[in-house]
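Next up: a single chain in structure tokens, the form predicted on its own.
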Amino acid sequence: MTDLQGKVAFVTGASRGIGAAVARALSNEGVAVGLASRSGDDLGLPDALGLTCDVRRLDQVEAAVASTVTRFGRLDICVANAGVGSYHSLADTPVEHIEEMIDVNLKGTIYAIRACVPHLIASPEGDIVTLASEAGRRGLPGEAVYCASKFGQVGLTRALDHELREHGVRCSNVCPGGVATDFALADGYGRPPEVLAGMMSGDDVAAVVLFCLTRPRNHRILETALRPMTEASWG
């Protein structure tokens, strides 16, 4: 098991939901964290830097990563978590929702990892964890564009495993099913409250992220999928 004490992480979408849970879990392990979100909240964590950042903007992502490295002197972990969802048939999905999901979920992940990669290569123990989704492993009705963005995240991280393994950087996809966070209700994108009953918590997902990050350095977790017991199997 790898000790995370003293490492530095950059987390996107860090002010709430899974991102906040991951940030707290990392902090509890002694990791200094750069927390990127639109609000710039540092969550009151020790050794945390709150960074106002819109992941749709490459310049803002690059500036947030640079600030993290300037503050803490290094970067070892990138957790690409920022995401939004919209649940409609393709024909009924508003164009602005399509653009938001592709820009935040896919381009935001690309931008975050791209900005972090040089620092992760320089680290003796670099890690990338992409918070994808079960919707990135299977097509689901009423989620076509969301699935497209999440399939893109999964493909990106799988490709980066080939590119970065020789540099000692591990790349992992974490693919949760339903998680009861405010992601699912925010800004008109979400599911009705009754659908959230029985879903997993952000802390459940954060524990899996920690599992990936704390494996011995002689192997890597390429992908892990988890679902609540209330969620049906899809084959």
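Position 1 is the first residue in the sequence shown; the rest follow in order. Note that the coordinates shown come from a computational prediction; the quantities given were computed from them, not determined experimentally.
One more form of this protein, predicted together with a small molecule, exists but is not displayed; see below.
Enquirer: Name the stretch, out of 163-171, 22-30, 53-61, 66-74, where some heavy atom lies within 4.5 Å of the small molecule in the model of the complex.
Expert: Correct option: 53-61.
Enquirer: Which of Val154, Val104, Ile110, Ala144 has a heavy atom within 4.5 Å of the small molecule in the model of the complex?
Expert: Contact with the small molecule in the model of the complex is made by Val104 alone.
Enquirer: Could you confirm whether Ala82 comes within 4.5 Å of the small molecule in the model of the complex, counting heavy atoms only?
Expert: Contact with the small molecule, yes.
Enquirer: Even though the partner isn't displayed, in the model of the complex is Val179 close enough to the small molecule, meaning a heavy atom within 4.5 Å?
Expert: Because a heavy atom of Val179 falls inside 4.5 Å of the small molecule in the model of the complex, the answer is yes.
Enquirer: Counting only non-hydrogen atoms and a 4.5 angstroms cut-off, does Ile18 reach the small molecule in the model of the complex?
Expert: The answer is yes: Ile18 has a heavy atom within 4.5 Å of the small molecule.
Enquirer: Check Ala132 for me: does it contact the small molecule in the model of the complex (non-hydrogen atoms, 4.5 angstroms)?
Expert: Judged by the heavy-atom cut-off of 4.5 Å, Ala132 is in contact with the small molecule in the model of the complex.
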